[in-house]
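Let's start with one chain on its own, the form predicted alone, as structure tokens.
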């Protein structure tokens, strides 16, 4: 399964996705739920914090930070970079991945799982960004 070349590539891709998504439906859902969600990836090592609780100075629905757990996340999802890549493509059955231990979660995950139905637009944004950055080898057919 394809995975990120290194943490810099993962940060660039996920940063671009987050920048495009900050005013979108998924971010609005995060804001309405007042959730802070962290994705902790291994191989490569990267933490992505999506904050729907703290108001953004530019009016965006969420703030995004890397390699920090401040503010303290309500929910933390931890997985390999390969599993994270599949998630962002919409190719991961999250409840099954949780059951199989491919994704470890801490916190009230039911609150975060309620956001899954509004994520398909974000998955398409991810695929667009990956193609634009010339990293199409990350995409599953």
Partner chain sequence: MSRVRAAVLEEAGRRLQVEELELEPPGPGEVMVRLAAAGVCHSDLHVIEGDLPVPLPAVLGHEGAGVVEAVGEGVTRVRPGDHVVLSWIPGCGRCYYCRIGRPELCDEAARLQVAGTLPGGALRLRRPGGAPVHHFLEVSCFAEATVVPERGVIPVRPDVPLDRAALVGCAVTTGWGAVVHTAGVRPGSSVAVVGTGGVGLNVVQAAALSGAWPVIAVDRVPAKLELARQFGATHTVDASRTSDVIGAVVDLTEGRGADYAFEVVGRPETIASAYGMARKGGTVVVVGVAAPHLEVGINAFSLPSQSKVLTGSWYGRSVPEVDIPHILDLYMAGRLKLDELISRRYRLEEANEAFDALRAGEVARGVLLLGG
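Nothing here was measured: the structure is a model prediction, and the numbers come from that model. Residue numbers count along the first chain shown, from 1.
Here the subject shifts to the form predicted in complex with its partner chain, a form of this protein not shown in this document.
Q: According to a 4.5 angstroms non-hydrogen atom cut-off, is residue 139 in contact with its partner chain in the model of the complex?
A: Answer no; every heavy atom of residue 139 is more than 4.5 Å from its partner chain in the model of the complex.
Q: Can you tell me whether residue 98 touches its partner chain? I mean in the model of the complex, with a 4.5 angstroms heavy atom cut-off.
A: Contact check for residue 98: yes, within 4.5 Å of its partner chain in the model of the complex.
Q: Taking the shortest heavy atom distance, is residue 102 within 4.5 Å of its partner chain in the model of the complex?
A: Close contact exists here: in the model of the complex, residue 102 approaches its partner chain to within 4.5 Å, heavy atoms only.
Q: Find out whether any non-hydrogen atom of residue 83 is located within 4.5 angstroms of its partner chain in the model of the complex, and reply yes or no.
A: Heavy-atom contact with its partner chain at 4.5 Å: present for residue 83.
Q: With the partner removed from view, which of 70-78, 90-98, 52-60, 31-39 is the stretch that lies within 4.5 Å of its partner chain in the model of the complex, judged by heavy atom distances?
A: It is 90-98 that comes within 4.5 Å of the partner.
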